[in-house]
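Have a look below at one chain only, the form predicted alone, in structure tokens format.
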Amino acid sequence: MTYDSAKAAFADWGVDTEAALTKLAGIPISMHCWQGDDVVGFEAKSGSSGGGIQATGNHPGRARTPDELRADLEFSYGLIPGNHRLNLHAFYLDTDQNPDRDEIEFSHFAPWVDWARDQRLGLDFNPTFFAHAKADDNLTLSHPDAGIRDFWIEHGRRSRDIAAQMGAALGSACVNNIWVPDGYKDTPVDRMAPRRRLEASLDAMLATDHDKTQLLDAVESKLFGIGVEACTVGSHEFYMGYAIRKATLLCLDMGHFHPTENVADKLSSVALSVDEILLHVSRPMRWDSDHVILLDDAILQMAQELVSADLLGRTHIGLDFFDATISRTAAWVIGTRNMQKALLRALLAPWDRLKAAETSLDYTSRFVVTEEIKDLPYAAVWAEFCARMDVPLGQTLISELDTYQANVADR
């Protein structure tokens, strides 16, 4: 089907495809750097694993240096329509120096900022509270040892300073997302004490005010992880309360809840209490397994809620998956494009008609319309979007992904 035919088909339902394409073009996705190197980072110091983070697989082509990672990112962004962002973790510094986490400075990330400016990308940031000897107890900001807490508080302070300078340098607020792996493998007898320590550590980290046009702080919860199966200190309830009290962003990671929970359903609830939301879009197969996102019901429902509840202007969309069993660049490209496809479908829904039926308790009409619009020619509108953005589709896309993978397979 041609785009003109698709445009007419959607118009019959009262949907303006041109308006949808314009809206989609203005939605940046913050693509995560850690898919490209299996969450290894570029610290000169040898880190330790831990924090419940593990990429599985050994597919050839893992980026080993900042230059290799940037080359992979440039290729991937070239196949993704629109203008987007990059989400960096603090242990992806690019420097000949050897700073510990409590010694990092903006200069250690200056090459990333210069590159992002050249690529016309925004940057987001994350302090890295895992893969370090001082995180081996799976306790960082809530550790009973004040010295260890102070180490991580300083790391968090410096990360905020770096993020603010990134935002100032690029003229776009940098979202600095705080997630810690803190928790217990077996049932603790005192849950209150570590949560009080975590709260006090966060307060110390966030004590310095920054210009919100440069820095936006976010806090992220988790249900459980490897080594913290019995109790996660920073639970959803903990961070939701904290975000409300401290006016930070609340990060909802789709892999950080029970598999039966619908994270899309949480958006409208938390939006009543927090000004802005950060999303980490992932695909948990069992728990926080961080599979590459598909164009499945969970992603479609997330996009529908963002559009239906008019939350796009208050939500920062980031990705968080890592799969070392497949081409890492293909994972980035397909995962990001799937998020965009879901958003496009949501933007092409006849929301006024659906909401009117629901308000009048006409659930039959709501049901019928919801099902019938599934047959509309979304693919033709997506193809038009890609054509306007000069990115490939179908077999051409697959060929370009395969060719690039073949070129980096000998790394």
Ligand code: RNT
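On a predicted model such as this, the values are computed, not experimentally measured, just so you know. Position 1 is the first residue in the sequence shown; the rest follow in order.
What follows is about the form predicted in complex with the named molecule, which we do not show.
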Open item on the list: Considering non-hydrogen atoms and a 4.5 Å limit, does the named molecule approach Ala383 in the model of the complex?
Closed with: no
Task: Contact of Leu354 with the named molecule in the model of the complex (heavy atom, 4.5 Å) - done: no
Open item on the list: Can you tell me if Asp320 lies within 4.5 angstroms of the named molecule in the model of the complex, counting non-hydrogen atoms only?
Closed with: yes
Open item on the list: Test of understanding: in the model of the complex, would Lys222 fall inside 4.5 Å of the named molecule by heavy atoms?
Closed with: yes
Task: Contact check for His84, Arg337 and Leu344 against the named molecule in the model of the complex, heavy atom at 4.5 Å - done: no
Task: Heavy atom within 4.5 Å of the named molecule in the model of the complex - the one residue of Asp288, Glu305, Asp72, Glu276 that qualifies - done: Asp288
TODO: Identify which of Trp112, Phe257, Tyr184, Phe130 has a heavy atom within 4.5 Å of the named molecule in the model of the complex; exactly one of them does.
DONE: Phe130
TODO: Work out which of the listed stretches, 211 to 219, 239 to 247, 280 to 288, 147 to 155, brings a heavy atom within 4.5 angstroms of the named molecule in the model of the complex.
DONE: 280 to 288
Task: Interface residues of 75 to 111 toward the named molecule, as seen in the model of the complex [heavy atoms, 4.5 Å] - done: His89
